[in-house]
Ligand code: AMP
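First comes one chain, alone, set out as structure tokens in the form predicted alone.
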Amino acid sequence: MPIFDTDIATTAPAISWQHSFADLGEGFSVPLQATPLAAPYWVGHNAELGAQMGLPVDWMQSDHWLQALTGNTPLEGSRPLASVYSGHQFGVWAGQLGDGRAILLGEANGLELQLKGAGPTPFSRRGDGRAVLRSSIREFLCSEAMQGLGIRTTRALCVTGSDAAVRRETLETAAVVTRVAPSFIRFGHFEHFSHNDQHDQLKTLADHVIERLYPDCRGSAHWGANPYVALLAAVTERTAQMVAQWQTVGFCHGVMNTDNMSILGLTVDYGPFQFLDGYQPGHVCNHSDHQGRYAFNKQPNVAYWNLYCLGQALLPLIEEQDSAIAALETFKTHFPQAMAQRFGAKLGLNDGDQAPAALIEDLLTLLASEAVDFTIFWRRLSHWTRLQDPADASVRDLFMERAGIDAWLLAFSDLHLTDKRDLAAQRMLASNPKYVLRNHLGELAIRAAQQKDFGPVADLLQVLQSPFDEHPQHQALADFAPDWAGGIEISCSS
């Protein structure tokens, strides 16, 4: 599966560093070096991504790379910096924010490298600039889990750890995760310059994003040849597609502030995320979200609201409010279409076909009525579809009240001709994962890593990178969540 939307050579040349964000000049960032961490050690590696980025074959055994990706040794040719941005947090304007614990090294082979947890920056807001082992493992695994699911996301190259103490709710140990993306520019970058009436810098940033990331927006006739309207429309479409992917796999982001929204429509900033176990549409995974603003079923509306904030920020460049609104309103078309197409794939329909709305609505109502395990239901349905044997009760057994699911299965059966069921099942098995990063799986891997046992991290990474495969040796990782999983609390510090 290709990374992001770029074509990266798998046989990569030697690294050649660029830093187009640093080239934007003063006011966009502050140059600084990472703060060293004592006695670092490897926690997890992403060999596939390292190869695609052009890292040396032996980088995972190299002390040089261990030190460099912990922030202890500068990488020759890189120009580390922390960028400034602003944003709305929990619906309230928060003013200036910025990279408080992330340091952008530069671009290697077309992708940006960023160290998260590499020490304080001028934007740390009295924070220590560190990340802890717990949160770093969660981000490392979930970035690659989303990639394996085919969901637009930032990536994670590795995690390094240190026994240096970091205080959150309790005393924990430090870690650094190396993040990778074509760009880490957020909605909040645009908000920062717009809200501070720095319109020259706003234009510089927008032109940079268009030239580097959205070249088709330059001269787009559809939006009256206004590249800034075209940019807003393109970001709207990508965001709609991304959130539809979240909703159809049961992913809760947990903290959809505008500074956590990628201008590329990538899933970014893995903090209090969760994949649903039982299907509960109103589930709030972030224990810091006391008002439930970022509940699972509210994510589409929040994304739409955040896009309006981006549109407001771009208005000094767009100039015509009606044009901005027209671009934003395309979300109302893109999102439901993307949802219908993705549910169509989950039901085994032909590529691009949309699932019948009533069939999906009835199913989601049934799943919610008994909080049926979302991932296991879809995977069992995929296997059941091949034979549709009345003696196979694997799907029915997920429900206490069977009349409703029996009626639904009967209606679902009408979608597929008898001689096409095998093909439909193949499509479904390629769309409905066997493995997702459930909270308890991440928690068990973290507990092992805290004892210097990194095997569970590696095992989880293996299945999450190919979550549609069976991996019979790791069957336990696809089981129902244990009862204690419901007591795991994930907050913004996670």
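If you're wondering where the values come from, they're calculated on a predicted model, not measured in any experiment. Start at 1 and count along the sequence shown; that's the residue number.
One more form of this protein should be noted, the form predicted in complex with the ligand, which is absent from this view; the next part is about it.
Taking the partner from the other structure, the ligand in the predicted complex has a heavy atom within 4.5 Å of a heavy atom of residue 97. In the predicted complex, no heavy atom of residue 219 sits within 4.5 Å of the ligand. The ligand in the predicted complex comes within 4.5 Å of no heavy atom belonging to residue 212. The ligand in the predicted complex is not approached by residue 224, whose heavy atoms all lie more than 4.5 angstroms from it. Only one of 129-137, 292-300, 143-151, 306-314 places residue heavy atoms within 4.5 angstroms of the ligand in the predicted complex, namely 129-137. For the residues 396, 125, 420, 287, the 4.5 Å heavy atom test against the ligand in the predicted complex is passed only by 125. Comment: the ligand is not present in this chain, but in the predicted complex one of 228, 251, 85, 335 has a heavy atom within 4.5 Å of it, namely 85. Looking at 250-266, the residues that come within 4.5 Å of the ligand in the predicted complex, counting any heavy atom, are 259, 260.
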